[in-house]
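The chain below stands alone and is given as C-alpha cells, in the form predicted alone.
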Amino acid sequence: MRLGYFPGCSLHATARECEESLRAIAAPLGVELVELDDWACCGATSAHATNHLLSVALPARTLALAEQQGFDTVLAPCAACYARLASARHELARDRSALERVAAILERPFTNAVKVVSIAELLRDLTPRIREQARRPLGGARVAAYYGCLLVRPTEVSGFDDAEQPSSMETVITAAGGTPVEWRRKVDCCGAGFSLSRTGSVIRLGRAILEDAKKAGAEAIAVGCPMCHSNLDLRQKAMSRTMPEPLGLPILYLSQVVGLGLGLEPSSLGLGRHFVGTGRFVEKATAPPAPAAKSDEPRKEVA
C-alpha cells in the first residue's frame, strides 16, 4: 500500500515520536509512506477562524500537490490536520463554484479527487495485518482510546466511525494485544485550541479526562492527535497539583501502541521522550507471559 504522507507542522517538531513510531510500524504492516513534496501548513491553528476561503485553499493546495504527485489517498496522522484536509475536500466536493475559486487561487490543475484518511481509519483497516505481525502482544494491558473532538467529527466529514461511540481505536488496541477500557470521556475536547490563551480551562478539562480514564482502570491513554498528546502529557504535572498524588498516566500515540504489539524496540517508537514516563507501562506490556501453572493431579487416561 503506497500512501501520500502529510506530516503537518507537528510531526517534524514537537511530535517527532509520532512520526518515528508511524514510520517504524509502516514496513511491517506493508505500508509505504511517501512524504508529499512542498507541502505547507494546513492552517489548523487559526486560518479557519480568520478567513474561510483561506482555510479551504491552504489544505486544498496539499490535496492538489498529492494529485500532481500521483496519489489517490493521503494520510494525515494529526487529527487537526486530518480535520482541515478532510473538511476542505468535503466542502469542495459539494460546491462547484468554491472549487473553481480555489483552483484559480492555487493556479494549478485540481479536481479534488484525493481521499484523506486518519491514523485511526488506516490502522483499523490494517487490523488483520497487525494481528498477523504481532510479535509481542501487549499482554492485555488496559488502554483508554481517546479520540478527542476532531478525529471522528463532524460525521459528514469523517464518516469512518460513529461520532459519539467510536470503536476504531479500540479495534486497533485489541489487535495489538491490549484491552480497551470502557470510559465516558473518549470524545470530550481537551481544550487544545486554548492551550495558550486559557491554560486554566485546558488544565481543568484535561484533569477530568485523565481522572475518568484512571477511574475506569486504564494504565495508559492512546491518542491520535499531537495537540491532545501535548495537553494530556505535557500539562499532566499541572493537572496533578491539586490532587493527593500524581495522575501518572502515560499518553501514547496509537502508532506507539501498535509498535509495542509488533515487538519493536521502545527506543524506535520515541517512547523515551514523553513527559510522563512510559517505562512501567512498557515493561508490563512487553513482559513475557507467565508460564501456565502445573497441576498436581495425575493425568487421566482417555479410554
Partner chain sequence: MSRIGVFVCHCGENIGRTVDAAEVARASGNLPGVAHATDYKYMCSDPGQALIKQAVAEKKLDGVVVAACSPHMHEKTFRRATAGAGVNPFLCEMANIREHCSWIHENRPAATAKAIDITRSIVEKLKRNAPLEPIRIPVERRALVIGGGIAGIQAALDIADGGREVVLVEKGPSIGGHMSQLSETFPTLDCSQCILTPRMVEVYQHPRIKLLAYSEVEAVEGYIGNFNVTIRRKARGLDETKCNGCGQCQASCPQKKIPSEFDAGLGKRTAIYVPFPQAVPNIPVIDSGHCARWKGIVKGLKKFACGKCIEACGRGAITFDLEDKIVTEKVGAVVVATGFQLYEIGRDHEADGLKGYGEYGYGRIPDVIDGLQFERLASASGPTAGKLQRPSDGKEPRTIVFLQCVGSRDPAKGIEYCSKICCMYVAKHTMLYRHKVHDGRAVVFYMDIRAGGKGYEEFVRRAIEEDGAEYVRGRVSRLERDGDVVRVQGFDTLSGEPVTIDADLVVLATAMRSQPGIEALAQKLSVSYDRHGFINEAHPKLRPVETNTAGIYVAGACQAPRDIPDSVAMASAAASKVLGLFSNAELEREPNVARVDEATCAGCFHCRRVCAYGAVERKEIRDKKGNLVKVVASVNRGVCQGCGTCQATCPGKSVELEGFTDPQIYAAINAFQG
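Residue numbers count along the first chain shown, from 1. This is a predicted model, so every value here is computed, not measured.
If you look for the form predicted in complex with the partner chain, you will not find it shown, but the lines that follow are about it.
S.K.: Just one of 109-117, 140-148, 157-165, 73-81 has heavy atoms within 4.5 Å of the partner chain in the predicted bound form; which?
M.R.: So the stretch in question is 157-165.
S.K.: Should residue 91 be counted as a contact of the partner chain in the predicted bound form, where contact means heavy atoms within 4.5 Å?
M.R.: Heavy-atom contact with the partner chain at 4.5 Å: absent for residue 91.
S.K.: Given that the partner is absent here, does residue 121 sit within 4.5 Å of the partner chain in the predicted bound form, heavy atoms only?
M.R.: So residue 121 does not count as contacting the partner chain.
S.K.: Taking the partner chain as it sits in the predicted bound form, is residue 184 near enough to touch it, meaning that at least one heavy atom pair lies within 4.5 angstroms?
M.R.: Looking in the predicted bound form, residue contacts with the partner chain include residue 184, since a heavy atom lies within 4.5 Å.
S.K.: Taking the partner chain as it sits in the predicted bound form, is residue 96 in contact with it (heavy atom to heavy atom, 4.5 Å or less)?
M.R.: Residue-level check for residue 96: no, no contact with the partner chain.
S.K.: State the residue from 101, 135, 215, 198 whose non-hydrogen atoms include one within 4.5 Å of the partner chain in the predicted bound form.
M.R.: Checked against the cut-off, the match is 215.
S.K.: Looking at 188, 233, 170, 219, which is the one with a non-hydrogen atom within 4.5 Å of the partner chain in the predicted bound form?
M.R.: Checked against the cut-off, the match is 188.
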